[in-house]
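Each of two forms of one protein chain follows alone as structure tokens, named structure 1 and structure 2.
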Structure 1
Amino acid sequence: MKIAVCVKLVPSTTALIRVSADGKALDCTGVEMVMSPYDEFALEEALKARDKAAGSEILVVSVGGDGAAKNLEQAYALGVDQCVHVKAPDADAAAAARCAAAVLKTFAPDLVFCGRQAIDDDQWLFPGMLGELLDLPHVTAASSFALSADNAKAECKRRIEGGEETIEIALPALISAEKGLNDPRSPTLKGRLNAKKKTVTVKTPAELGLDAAAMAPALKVEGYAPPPPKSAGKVIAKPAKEAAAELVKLLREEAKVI
């Protein structure tokens, strides 16, 4: 089987993100960059699928700036077969999906795994768009994934409002990973050493046949702002019963929300 995984390098979940003085850019200098956590689940699921289907290979694609190399070294350390870095530091989620689609069209994967969202732009756009561009059916935010004995289809679970769906999908297919899909392994020392010997194929969007129009942002960003500051709230310092009575009164009469 041919298995593809898409990964993205993002600021860590706790990193403090500053907005530039003119409000036109996000300042990520000195911020720790990591593989988007959902992509780790995607990568692990690909490794599991390769273990099951003998003779499979895994191709990992990362679209982004130079830092993407960090993700790909991590992927090599985990034992994937090939890595492609599409150098497109300014690609938005849609442009990134076009880049990944261009790489994967020639690879012709049986399975593509992505994270359900990249935790920087939080669009949840990439997996569905990539599925559409590659004409693959997809499952969004799969919390479980099981290949059939003949690897021709898979069964996934997906949590939605009010319960859980069981979904059957025919391969070739694209799966986006929910937290808890699996328990991602850590690279071994041997894996890390091997990773140093591997090379990443680097492509530009132009080399993939994507022109400026294909890479243009879907929306024009006007600016960024930090979340609006909250004014200091009221702290009720009274014994539990009195505090509860006062809170209910405030919620009813001041906030008018209950």
Structure 2
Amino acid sequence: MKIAVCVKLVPSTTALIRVSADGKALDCTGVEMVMSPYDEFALEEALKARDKAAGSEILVVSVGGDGAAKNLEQAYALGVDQCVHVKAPDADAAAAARCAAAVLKTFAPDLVFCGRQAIDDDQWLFPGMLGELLDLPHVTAASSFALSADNAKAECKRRIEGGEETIEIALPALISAEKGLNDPRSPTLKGRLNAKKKTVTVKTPAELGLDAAAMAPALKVEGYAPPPPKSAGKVIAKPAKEAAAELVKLLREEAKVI
């Protein structure tokens, strides 16, 4: 079985993100960059699928600038077989999906795993677009994944409002990973040392047959701004009955939530 995983480098969830002075970009100077957490669930599920299907191989693809190599070193440390870095530092979700699709069409995977979304832009665009470009059925935000005995299909579960949805999907297919799908493993010291001996295949969009039009941003960001500061809270220093009446009045007339 051929298994592919797409991963993205993003700012750490605990990082303090600043807006540049001109408001046109984010200032990530000194910010710790990590593999998007949802992509870690995707990578772990790929490793589990390879463990189940003897003889399988895993290809990991990351689209981005030079820093994306950090993702691939982590993937090699966990034991994947191949890594491809598409150098496209300014690629948005649409362009990144085209880059990944160009790599994966040659690989012809039976299973593709992605995180449900990247935590930096939270757009949820990449997995669905990649599935369409590869002409694969896809399940989004899977919280459970199980291969059939013959590895010809999979059963996925998704959390929905008020319950859980079960989907059976024939392979080849694309699955995007939800939090809780698994418990991602950490690289061992031996794995980290082995990763440094591995070679990452580096491609440019042009080498993949993608021209400037294919890489043009589908979304134009006009500017960034930090969230407005929170207003000071109000303290109602009155007896309980009067305070309750005052609170209802404020909720109705000022907050307008009732």
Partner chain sequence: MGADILVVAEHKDGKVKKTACELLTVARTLAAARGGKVLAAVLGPGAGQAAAELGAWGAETVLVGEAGFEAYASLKWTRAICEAAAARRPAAILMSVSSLSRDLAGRVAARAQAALASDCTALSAEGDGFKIVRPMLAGRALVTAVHAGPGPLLATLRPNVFTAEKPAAPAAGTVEALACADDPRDQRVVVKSFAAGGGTRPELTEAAVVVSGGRSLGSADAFKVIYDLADALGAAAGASRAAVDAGYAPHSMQVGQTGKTVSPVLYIACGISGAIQHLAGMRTSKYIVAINTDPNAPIFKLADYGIVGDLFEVVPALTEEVNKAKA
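Think of the rigid core as the biggest set of C-alphas that the two forms share within 1.5 Å after superposition. Model, not experiment: these values are computed from the prediction. Along the sequence of structure 1, residues get numbers from 1 upward.
Note on provenance: structure 1 matches the form predicted together with the partner chain. Comparing the forms between structure 1 and structure 2, the C-alpha position of Val19 differs by less than 2 angstroms, with the core used for superposition. Shown is the Cα shift of Ala240 between structure 1 and structure 2 after rigid core superposition, which amounts to 8.2 Å.
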